[in-house]
Structures are given as C-alpha cells and as structure tokens.
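Take a look at this one chain, the form predicted alone, written out in structure tokens.
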C-alpha cells in the first residue's frame, strides 16, 4: 500500500483537470474585462448592463408642508402680550387660555414661547424659532424621532411611493400643549358575512357541561 503524499493535508490530491478549469475561467474573466474596457473607451455613453435599481425612477425629494394655521383669536400673540409685563410664575391659567389643556411633561409656556418676542418661540439655548418651524423646537427634546420622521417612518406622509410626496410637521398630528393621543376603546369585531340571504349568528361559546369546561 502506497503511503499518502505528504504535500497535501490528509493525503488529498486535486484532480488532474482542476488546474485546467481554473485557467480557462481566469482567461474568460480577463477577456470579458478587456472587452468591456475597450467598448467603454470607444463609446463612454454606451448603455450599461440592465440593473433593477438603475431601472427604477429616482426617488423624488419629499416636501415639508406648511404649519397648521393658528387660531385667529390668538394670532398674533403680541396683540395681547405686547403691553403686558411678563409673569414668570409657573401657574395654571385661570384667566386667558383657561380653556386650554396643558400636559406636556414638566414644560411650561415660557419654556417654548419667547418671553421678549411673543410672536416667536425659542430653543433651550435661546435661539429664536418661528412658528413656521415648530418641528425644530420639537426635535430638541424628541431627537430620537427626527430621523424616523424625516425618513417617513414616523408621522404622516402622503404622495407617490417613488415620486412627489409631502410630509407633515409635528404639530399637524400632535397638539403642542397636549401631545399625547387620546386613548380609544377598540371597536367590536365585524359580524360574519351573510350566507344564503340570512345573516349568520355570531359564534357563542357552548355552555360548559357539568363537571367540564369550555375552552
């Protein structure tokens, strides 16, 4: 019995035709690359090989819609606040704005509304923000939602799947003073469809027999 060839692990020897196969495949690859290079050098505008992603139209940029219009009764804020001194006391509104509900964490009016320019908002660092750009204000505390909002995962976006589309600013869905959505009870399940002109009765569990149970 011949001893295994120590040049290969475990005595394995490649088939004699394997080097020939690899040589042929390498030659074909080189010829393809050379042919494509020559074609592109002669005609740089030649069409490339079909690609599914290249065949799809470019995704149009989404447009941010305008902010919801403010109530005419309070717009502009300076109509009432311009001549009044600023009261910095955190309190419940018992005169003006007493009809509004406020439940937004621990924030209070002047945490967002500018105390000097009542027709503007401000960030925590003092930078003024227009009422037409409230999402920048929301993003300073809810930054983790901003990437999803810009990508269309969070919030509402309408339009074409791969075309013109619009998305809404934060306060289009969230009341800035009461941002949490109202809880709703689930609706009852739909009735089974009619069969042979007669409505099918909803399934009722059979009464449990004595000594047994119904699951």
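Positions refer to the first chain, counted from 1. Between two forms, the rigid core is the largest collection of C-alphas that superpose within 1.5 Å. Being a predicted model, the structure only gives us computed values, none of them experimental.
There is another form of this protein, the form predicted in complex with ligand HEC, and it is not shown here; the text below is about that form.
By the criterion of a heavy atom within 4.5 Å, residue 125 is excluded from the residues contacting ligand HEC in the predicted complex.
Using a 4.5 angstroms threshold between heavy atoms, residue 61 stays clear of ligand HEC in the predicted complex. Heavy atoms of residue 68 reach within 4.5 Å of ligand HEC in the predicted complex, making it an interface residue. In the predicted complex, ligand HEC sits beyond 4.5 Å of every heavy atom of residue 160. Of the residues in 140-176, those that come within 4.5 Å of ligand HEC in the predicted complex through at least one heavy atom are, in sequence order, 140, 141, 142, 145, 146, 149, 154, 155, 156, 168, 169, 170, 171, 172, 173, 174, 176. Here residue 182 counts as shifted, since its C-alpha moves by at least 2 Å between this form and the one not shown after the core is aligned.
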